[in-house]
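Just the one chain here, laid out as structure tokens, in the form predicted on its own.
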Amino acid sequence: MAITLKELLDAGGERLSLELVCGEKYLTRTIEENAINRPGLALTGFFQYFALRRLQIFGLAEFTYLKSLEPEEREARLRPIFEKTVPGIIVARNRNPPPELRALAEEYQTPLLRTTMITSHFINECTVLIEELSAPRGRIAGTMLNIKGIGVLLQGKAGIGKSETALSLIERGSSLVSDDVTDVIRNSHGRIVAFANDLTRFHMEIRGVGIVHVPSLFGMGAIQQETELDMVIRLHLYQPEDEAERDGKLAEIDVLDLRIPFYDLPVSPGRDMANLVETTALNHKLKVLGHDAAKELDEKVIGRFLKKAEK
């Protein structure tokens, strides 16, 4: 998903120490590629592999080279870059853009920005930010927890006990990421990252108690800004037909076009749901590591029958 320069400036202006020099009217230009380009070779006239869909950054090397040229030559070197309709140009190290650079930016309606950061640091930070802003994202119902390093989303109908179960898990050492509503984003590594929105972060609603601020009650170790989503557990009221399926069969659910492991846990009086959720999470982690208890038991039972049959 492409983002505009305005979105980048609004979201990361302070983080990237960005200042708009000129071109405020043209901040609607889109950044179609996440990487940042240094137009060193382009300044010499070589455009065969020029990345025109990327933001262009002029670092110390580019700036020093331009400064060594006469004004007419400087303009001649810069103009072909603007003719490619690049999304925008950024000058690093808080340098004052040469008059020719500013004039061409105005002529070609190209936003010109400046940052106090050194070139390499800016490229790293800006690339990460663009990836964050352009990544697929969404919002799903559920309470998100980190249970001993496993990202678990608890789902279920209102009143089923998600928040109460989460509260018990927090008391057992788990960390709360979000309650009731969880924002998700798919990162560049093909993983779903879950986090809370700014308004409700670190708060929980407990029926009969009201809104509580988790870090005030349980300390900073009881919260976490974000976590990768490893599995989804849905709590539902126990039904007699649940007896037909007792082996915790693994299913999958779609989240931002990725398949995430999904488990159904029946809720009934007397069941310690916090303990069951934690056990389900740890057991799933064992399966991921190649240790499947149900499969191993099946193999043992079959092996025992085969030995008896041979006798």
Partner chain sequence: MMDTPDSISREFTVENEYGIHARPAALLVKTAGKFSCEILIGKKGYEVSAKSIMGLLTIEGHRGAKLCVHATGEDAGEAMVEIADLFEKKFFED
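Positions refer to the first chain, counted from 1. Nothing here was measured: the structure is a model prediction, and the numbers come from that model.
The following text describes the form predicted together with its partner chain, which does not appear among the structures shown.
Find out whether any non-hydrogen atom of His203 is located within 4.5 angstroms of its partner chain in the predicted complex, and reply yes or no.
It does: once its partner chain is placed as it appears in the predicted complex, His203 has a heavy atom within 4.5 Å of it.
Answer yes if any heavy atom of Arg139 is within 4.5 Å of a heavy atom of its partner chain in the predicted complex; otherwise answer no.
Close contact exists here: in the predicted complex, Arg139 approaches its partner chain to within 4.5 Å, heavy atoms only.
Check Val181 for me: does it contact its partner chain in the predicted complex (non-hydrogen atoms, 4.5 angstroms)?
Yes.
Check Asn187 for me: does it contact its partner chain in the predicted complex (non-hydrogen atoms, 4.5 angstroms)?
It does not: once its partner chain is placed as it appears in the predicted complex, Asn187 has no heavy atom within 4.5 Å of it.
State the residue from Asn124, Ser216, Asn197, Asn94 whose non-hydrogen atoms include one within 4.5 Å of its partner chain in the predicted complex.
Selected option: Asn197.
Please identify the residue among Ile118, Ile211, Ala103, Met220 with any heavy atom within 4.5 Å of its partner chain in the predicted complex.
Of the candidates Ile118, Ile211, Ala103, Met220, Ile211 is the one lying within 4.5 Å of its partner chain in the predicted complex.
If contact means a heavy atom within 4.5 Å, which one of 85 to 93, 72 to 80, 172 to 180, 107 to 115 is the stretch that engages its partner chain in the predicted complex?
That would be stretch 172 to 180.
Would you give me the residues of 42 to 62 that have any heavy atom within 4.5 Å of its partner chain in the predicted complex, in order from first to last?
Read in sequence order, no residue approaches its partner chain (within 4.5 Å, in the predicted complex).
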